[in-house]
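Just the one chain here, laid out as structure tokens, in the form predicted alone.
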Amino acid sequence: MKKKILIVSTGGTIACSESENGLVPTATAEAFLAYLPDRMTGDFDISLLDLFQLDSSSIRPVHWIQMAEAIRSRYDEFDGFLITHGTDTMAYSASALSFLLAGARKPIVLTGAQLPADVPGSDGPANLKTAFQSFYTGFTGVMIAFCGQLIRGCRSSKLRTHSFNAFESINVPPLMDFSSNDHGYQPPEQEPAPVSAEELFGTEPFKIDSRVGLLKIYPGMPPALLTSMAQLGYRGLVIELFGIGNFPTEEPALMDALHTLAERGMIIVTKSQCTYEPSDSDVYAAGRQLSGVRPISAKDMTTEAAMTKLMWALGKTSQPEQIRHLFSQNVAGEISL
């Protein structure tokens, strides 16, 4: 029996066409079938869903919820899911879906393109093919298929604006590199036993609390930038620190501002500004001074994973210790323990 695959279109460059105001997403999911080899369209029973048509720079947490619900409501009906998505926020969406749909035992693959699919020389057709190749591999969960690679969704980041190899797998190998037939993880030898959507994801509405801020520490940062986060109603803050995880030691007002946020109950997550390798604020005195605000280390998570995981955890509970516990767990392979 053929595996049933659902293509969910959400817009993005892959679906774009020219307008008098520049590129805008117009293509529906049906258009993407023309770019797939006959063998692939023949191997699978493919259905289509046009969820929305947006430039991914406009995709927000409410759209993550829509995508998660579209998958959950159809999870028992299909064997795999392909979401076509713009590249600008694809890593955020892939990370958010990794937590919202944690434990998924079917492939949920996001892909897109740096050029519209109907433009000669576009990477769109190749990326669609890579996405469908993933359905043969046995890998499950949320993934990104791009430039011949299959990347765990919560380990992905977009690092290039024009090049076709826009995404990289951060701090872990890609799941699969189809160009070399190499993979960093061994997929299960047997397909996982069927589990229903209700058992995996429950029936309660998906929740994301988007009241999370992101600040990159920089030389000379005014303390008011930190205190304004509480004034704006944020419940969580991801702070990108210098190097391995250091905070300015000679600026007491900046540390006082951070203590003020902690005293007001804000959950503070720290990570390095460096893309690669984990953060550790215990190495230098410049990092250890943070212990008073009880920050949670993002370790080797991407910024996208840290942000969306904190939003997800805040959506789960209002209890600070439960939030800390949730964030510290390795939920979807986003962290190396």
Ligand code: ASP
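Bear in mind the structure is a predicted one, so any value in this text is a computation, not a measurement. A residue's number is simply how far along the shown sequence it sits, counting from 1.
Missing here is the form predicted together with aspartic acid; even so, the following discussion is about that form.
- Only one of N246, Q149, S157, T87 comes within 4.5 Å of aspartic acid in the model of the complex through a heavy atom, and that residue is T87.
- Proximity to aspartic acid in the model of the complex, defined as a heavy atom within 4.5 Å, singles out one entry of S56, S297, T303, S272, which is S56.
- Although the partner is absent here, A113 is a contact residue: one of its heavy atoms lies within 4.5 angstroms of aspartic acid in the model of the complex.
- Although the partner is absent from this view, S9 stays clear of aspartic acid in the model of the complex, with no non-hydrogen atom inside 4.5 angstroms.
- Figure note: of the listed segments 307-315, 48-56, 272-280, 285-293, the one touching aspartic acid in the model of the complex, with heavy atoms no more than 4.5 Å away, is 48-56.
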